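A lone chain, given as structure tokens: the form predicted on its own.
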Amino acid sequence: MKNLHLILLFLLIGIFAFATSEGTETYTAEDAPWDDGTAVLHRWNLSAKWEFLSLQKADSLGVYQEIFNEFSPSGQFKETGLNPDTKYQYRLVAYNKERSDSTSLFSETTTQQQWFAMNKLPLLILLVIVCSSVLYYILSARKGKELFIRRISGLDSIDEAIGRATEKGKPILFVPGISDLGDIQTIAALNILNQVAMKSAEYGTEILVPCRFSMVMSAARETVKDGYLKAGKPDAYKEDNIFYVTDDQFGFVAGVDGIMLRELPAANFFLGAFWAESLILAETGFTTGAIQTAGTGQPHQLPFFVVSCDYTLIGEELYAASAYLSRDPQQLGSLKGQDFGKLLTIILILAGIIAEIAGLGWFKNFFEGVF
């Protein structure tokens, strides 16, 4: 009997607590954390008897204007575009379908600017790790440690192509893409041009560099001149071999095709940014019997280069070429450090998939906004 009384007592307490929780209605408006003071986070918890809500903000005259009205018993809404260090007043009106009954909940908050966006802390941690790995590999390379970079056949063929041009007594044609100097693919192509110019100077082979833009021509001239200086043959450098053609896309292609048909270069290099003209250039070079090496960061142009050229640098190989050819410690260390960052990213993505399957939501929440 005594146990029955205890059971009834606990049952009554539970019913009272449930009824109390069901009847509790809350609404809060708070400054959004870790931002620049331009957002407010609204949260509410309403009873089941309401079917509609209206979230309203008071204007400068104290009149409430609706800013949100999508109903859910429990939810949140982030209001953006506000002024920092400003006080705002809000009202949440909840009502049923017939609108015969309603309730109003009030809240106010002041937006504040924070010094740090702590929600981006995971990004900072990854940035520090990747930067540290880059510095580590650069220092290791400077100390003489051998850093492995997988073989890139298109770059290994440079000596073969230049050697063939030397044997035939014919020039080398190098096209640094059709983009201006602001394109990173053009910069990558000029880095390779420096190494090709140095090799051609060593072998005594002329190099022709037609350019679409004047800025690219100026940079290419300095690049080739530097290559000849490195080879110890500055007197062999011919400035007129690096020349401007035209800004027009297909006018430039026609000019380059004419050079290939007249000069019959033994080796063609198409490196940089290319678009619709890629197949025209590569097919013309193929008909002349030249060894062709191509490379671009444009994925939709790679198939044309693959089928019509002897060697093709696919995507990122174009950017890694300078480090691969020069073996400069700084470039090698940067490349290895970036590879470590990519490996870390892949590991984190796989760990996130496993965590989601296992129901560990904290892992995704921690890295939210990073990937």
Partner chain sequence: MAELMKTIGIWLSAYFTLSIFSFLYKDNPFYKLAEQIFVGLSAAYWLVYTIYNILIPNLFNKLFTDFANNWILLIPMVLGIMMLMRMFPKLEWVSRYPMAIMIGTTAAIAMLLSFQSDFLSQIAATIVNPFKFSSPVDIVGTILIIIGTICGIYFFYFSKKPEGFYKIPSKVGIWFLMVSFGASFGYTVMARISLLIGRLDFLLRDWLHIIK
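Positions refer to the first chain, counted from 1. Whichever C-alpha set is largest while still superposing within 1.5 Å between the two forms counts as the rigid core. Owing to the predicted nature of the structure, the values given are computational and were not obtained by experimental measurement.
As for the form predicted together with its partner chain, it is not shown, yet the points below apply to it.
K.L.:
Out of 64-72, 26-34, 45-53, 316-324, where are the residues with a heavy atom within 4.5 Å of its partner chain in the predicted complex?
P.N.:
Every other range fails; the passing one is 316-324.
K.L.:
Which of these residues, Lys78, Lys87, Arg150, Lys143, gets a heavy atom within 4.5 Å of its partner chain in the predicted complex?
P.N.:
That would be Arg150.
K.L.:
Taking a heavy atom within 4.5 Å as contact, would all three of Thr246, His300 and Leu343 count as contacting its partner chain in the predicted complex?
P.N.:
Every listed residue reaches its partner chain in the predicted complex, so yes.
K.L.:
When the contact criterion is heavy atoms within 4.5 Å, does Leu139 count as touching its partner chain in the predicted complex?
P.N.:
Flag for Leu139 set to no.
K.L.:
Hey, in the predicted complex, is Asp101 touching its partner chain, heavy atoms inside 4.5 Å?
P.N.:
No, Asp101 sits far enough from its partner chain in the predicted complex that none of its heavy atoms falls within 4.5 Å.
K.L.:
With the partner left out of view, is Gly163 within 4.5 angstroms of its partner chain in the predicted complex by any non-hydrogen atom?
P.N.:
Contact check for Gly163: no, nothing within 4.5 Å of its partner chain in the predicted complex.
K.L.:
If you check in the predicted complex, is Arg262 within 4.5 Å of its partner chain, heavy atoms only?
P.N.:
Arg262: contacts its partner chain in the predicted complex.
K.L.:
Mind listing which residues of 257-276 have a heavy atom within 4.5 Å of its partner chain in the predicted complex?
P.N.:
Those in contact are Asp257, Gly258, Leu261, Arg262, Ala276.
K.L.:
Indicate whether Ser133 shows a C-alpha shift of 2 Å or more between the shown form and the other one, with the rigid core used for the fit.
P.N.:
Moves: yes, 2 Å or greater.
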